[in-house]
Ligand SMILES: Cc1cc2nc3c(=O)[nH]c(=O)nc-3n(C[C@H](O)[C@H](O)[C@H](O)COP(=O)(O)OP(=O)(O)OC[C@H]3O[C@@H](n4cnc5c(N)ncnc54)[C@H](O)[C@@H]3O)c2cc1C
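The form predicted on its own is given below as one chain in structure tokens.
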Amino acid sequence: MRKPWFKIPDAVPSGSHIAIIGGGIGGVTALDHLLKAGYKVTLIEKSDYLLSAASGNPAAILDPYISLGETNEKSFYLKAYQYALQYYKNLGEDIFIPCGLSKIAKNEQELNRFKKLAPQYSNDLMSIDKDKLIFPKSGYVIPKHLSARFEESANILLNTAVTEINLNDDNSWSLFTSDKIQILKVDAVILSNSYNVENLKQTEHLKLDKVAGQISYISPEYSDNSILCSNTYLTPKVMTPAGEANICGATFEKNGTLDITDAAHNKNLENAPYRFSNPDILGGRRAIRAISHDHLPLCGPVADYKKYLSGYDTLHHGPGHKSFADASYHPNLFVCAGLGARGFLSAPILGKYLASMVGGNELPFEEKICHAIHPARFIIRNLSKK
């Protein structure tokens, strides 16, 4: 990593004890990869079960991100999609349900875009058929089954909220509850607690947007075994808390409320990629997703904010006239947050990325992608424009 402000930190010794704060899909996949890498890992979740909140829908679709331009976002999500398909498939038939996914053009302009897109991707990944792009290997994950798998196999603390972390003289970390009760003392910490990351003093500079998403459980009229995507997505028949249903969603609302509304249900139906003849709303679910300002996740070491500001204060003059010191990080503190609406798509490869970084092994991304998802990128951008 040639730019000093994005330098990869030193490896955490093998066998060290690592705490993961947050039991969403980002925390769970990091747990899996770190355990396989030989670390002792404790995952701490404030809820009474894993994959709650934004990771708790009855079905999580793998919706590929596609783009005409060669962007960091395109490169990241293409690699993430390919890795996620293999990762979930290896976890078991009850966790990943392959059924294919079709992106339906909303208008003639988008159809023309699809026609330009198709030749840029391999037929193995996608193909075009009339007014839609078809992703034959896609499907959906059942979070409830995924949660059960990991709750049985690892050291997990549920109903436990970490409100403070403190660095000790020996560079270990102590984790505390709101009552100042120490939960753990560990060698390293990974923060995977979504928008709550800003509630800790070490990461209060990491601001994420809160976006509410509501899904609707609709009486199962759509009978094809394929996911449809357009303005919203529609699943095949799946089991929900309201019984068998098609799931339609999700809304994108910056109001942050968790109250399920009829207006959001109506919007889902109106934008559905299938015309229901007599839809009956059986229920729904609403959660808050955390999204970064550039829609890429924050994944990597946590910068010492004050030292970054002082160490790179003259960055706006251009780095050519002077040398800069290597990045100042909080020792063995990492973050994986801001996964947004594609969390199940990106989390597996981010788990691999973190485990590779922590272990000092080869990273799964090229340098420009590591820079693009680095948690300190917004600090550097602001200093560069100062």
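Start at 1 and count along the sequence shown; that's the residue number. Keep in mind the model is a prediction, meaning the values are calculated, not measured.
FYI, the form predicted together with this ligand isn't displayed, but the following is about it.
Note on the partner interface in the model of the complex: the residue among 142, 186, 162, 272 having a heavy atom within 4.5 angstroms of this ligand is 162. Checking 114, 222, 87, 233 for any heavy atom within 4.5 Å of this ligand in the model of the complex turns up a single hit: 233.
Note that among 57-65, 324-332, 31-39, 352-360, the stretch whose heavy atoms approach this ligand to within 4.5 Å in the model of the complex is 57-65. Among heavy atoms of residue 289, some come within 4.5 Å of this ligand in the model of the complex. Although the partner is absent here, residue 203 sits far enough away that none of its heavy atoms falls within 4.5 Å of this ligand in the model of the complex. Contact between residue 18 and this ligand in the model of the complex is not found at the 4.5 Å heavy atom cutoff. In the model of the complex, none of the heavy atoms of residue 315 sits within 4.5 Å of a heavy atom of this ligand. In the model of the complex, the residues of 15-40 lying within 4.5 Å of this ligand by at least one heavy atom are, in order, 21, 22, 23, 24, 25, 26, 27.
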